[in-house]
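Take a look at this single chain in structure tokens; it is the form predicted alone.
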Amino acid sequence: MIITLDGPAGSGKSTTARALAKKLGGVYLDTGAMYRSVTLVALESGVNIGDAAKLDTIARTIVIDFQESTNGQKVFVNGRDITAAIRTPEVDANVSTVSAHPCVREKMVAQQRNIAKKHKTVIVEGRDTGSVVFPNADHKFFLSANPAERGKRRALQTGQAADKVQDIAKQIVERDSKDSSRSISPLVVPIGAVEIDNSHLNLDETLHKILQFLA
């Protein structure tokens, strides 16, 4: 069974997907972390994020792995733990540009589909999982929340000060625009997806809504 959770930054996709995977005994697949991994390697290597050829090489050659730990899921690239490194403001500012390259998306989508084939139940979260990666998923959900709330969540997630929330919310809106307007795999509500606005819902309440549709 494949369940997709799409939505913009700060909508609670990751937290909800992890909780749902634990509840159902499935595997959590964070597609956004894969694009962040390519972005991180490019930045660390001094690669221009507009250079499609070099990004294609990175996407084709790096080995991305996910491992569960007592502190949650960890992300590894070529055996190196980059869980924290891919959540920096620098990666945030560049991942939309990197993920918009067709060559990068092609390589990552292929990896995502291969991972899903290996497991009985997979909860996939990202921005195009129900529309492009798994258009025939068994269940599709689209999470959203207002920019102010998403800014608060992202600040809390990254450990940034409360006075940065407004700036973070502005950055989130800018990223929404980039992700929604790109020509390749734009952020959209997938056909057949259940839309959930969780601006005023906590994790348990959001999870409860999803489980009602799965019952």
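Everything quoted here is computed from the prediction, not taken from an experiment. In case it trips you up, residue 1 is the first one in the sequence shown, and so on.
Form predicted in complex with a small molecule: not shown, discussed below.
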query	finding
Option from 52 to 60, 143 to 151, 172 to 180, 158 to 166 whose residues, in the model of the complex, bring a heavy atom within 4.5 Å of the small molecule	172 to 180
The small molecule contact in the model of the complex: Val95, any heavy atom under 4.5 Å	yes
Proximity of Gly26 to the small molecule in the model of the complex, heavy atoms at 4.5 Å	no
is_contact(Arg87, the small molecule) in the model of the complex, heavy atom dist at most 4.5 Å	yes
Arg105: touches the small molecule in the model of the complex, heavy atom cutoff 4.5 angstroms	yes
